[in-house]
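The chain below stands alone and is given in structure tokens; this is the form predicted alone.
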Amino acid sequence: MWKVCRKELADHFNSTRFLLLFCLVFMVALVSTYMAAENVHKALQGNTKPSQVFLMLFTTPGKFFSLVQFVAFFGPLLGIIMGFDAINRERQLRTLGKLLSQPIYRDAVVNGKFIAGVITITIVLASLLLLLSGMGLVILGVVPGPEEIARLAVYLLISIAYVAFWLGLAVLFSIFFRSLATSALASVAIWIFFSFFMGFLADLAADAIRPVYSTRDLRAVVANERLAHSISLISPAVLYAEATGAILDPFQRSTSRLLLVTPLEGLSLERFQGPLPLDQSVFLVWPHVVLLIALTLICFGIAYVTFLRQEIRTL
């Protein structure tokens, strides 16, 4: 398995398409982070004691979007490009049968390819986060505290799990479809659906199941909103956005779009406006992280079983 993993790592880092994609992602993230840093720097002028400034570098929108939004929308492309031809490329080159004719088990092949993709994703995201953090240190002149560094580490782990889901989905399609173009188009179609259309579908389904005939009916509005939110959690993009939003924003106390507060609770919230500690933020988004990891394991598990049962000919 590790022999296959090392070979795949060499192929990834020597691939022209991977280098071009990494340069594109890095340049766009660099420009957006620079604009966000300039906006944060202007907003903090005259503020004598700012709080959680370094995290604002990743959540403040630049010209179009923030770094978190950029990774949420375009990070899946990194996983798709590394996985859409993991197996069917070997079939087209007629090297899969020769590979399995060696003393290498099938599970070692699929496991090695997936682990190599996860290692590559980890290196790319970690280097991108460190480079942009260094640029933020220079522009903002603010050194992050221990809790801010810990929050960025948790954000990095969630981002790796998020991109690994799309890698597993791309590997799954590379096993199902023999054509490279078909597996790539299927992966991109799923990405577009989950990223751009899942919210509309969740709202339509909620309106059909729990219709709201009057906005004065508070129970109907709450039921409709909760159902729409529950359906939207099927999308990994929604899970990632809500999880990273609560991790990078210590003042966020809920992941729900609708929060019902009694008068006494409202008074309590007004009195306690401080940031949440990291463990409370992690506890808030723990279901999202578990669901995201579960979706990744399910995708890779289906790909694993399918590949083990497929017929492979040496000629």
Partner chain sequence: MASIIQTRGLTRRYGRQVAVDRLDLDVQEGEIFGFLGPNGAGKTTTILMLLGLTEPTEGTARVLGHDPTHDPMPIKRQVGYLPENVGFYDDLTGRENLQYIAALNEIPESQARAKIDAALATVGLAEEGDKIVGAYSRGMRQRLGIAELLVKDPRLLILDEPTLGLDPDGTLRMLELIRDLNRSRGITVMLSSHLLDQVQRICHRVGIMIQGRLVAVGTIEELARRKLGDAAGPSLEEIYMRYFKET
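Computed from a predicted model, the values in this text were never measured in an experiment. Residue numbers count along the first chain shown, from 1.
Missing here is the form predicted together with its partner chain; even so, the following discussion is about that form.
**Q** If contact means a heavy atom within 4.5 Å, which one of 130 to 138, 76 to 84, 175 to 183, 99 to 107 is the stretch that engages its partner chain in the predicted bound form?
**A** So the stretch in question is 99 to 107.
**Q** Within a 4.5 Å heavy atom cut-off, is R94 in contact with its partner chain in the predicted bound form?
**A** R94: yes, in contact with its partner chain in the predicted bound form.
**Q** At 4.5 Å between heavy atoms, is E90 in contact with its partner chain in the predicted bound form?
**A** Yes.
**Q** Between 189 to 203 and its partner chain in the predicted bound form, list the residues on our side with a heavy atom within 4.5 Å.
**A** Residues within 4.5 Å: none.
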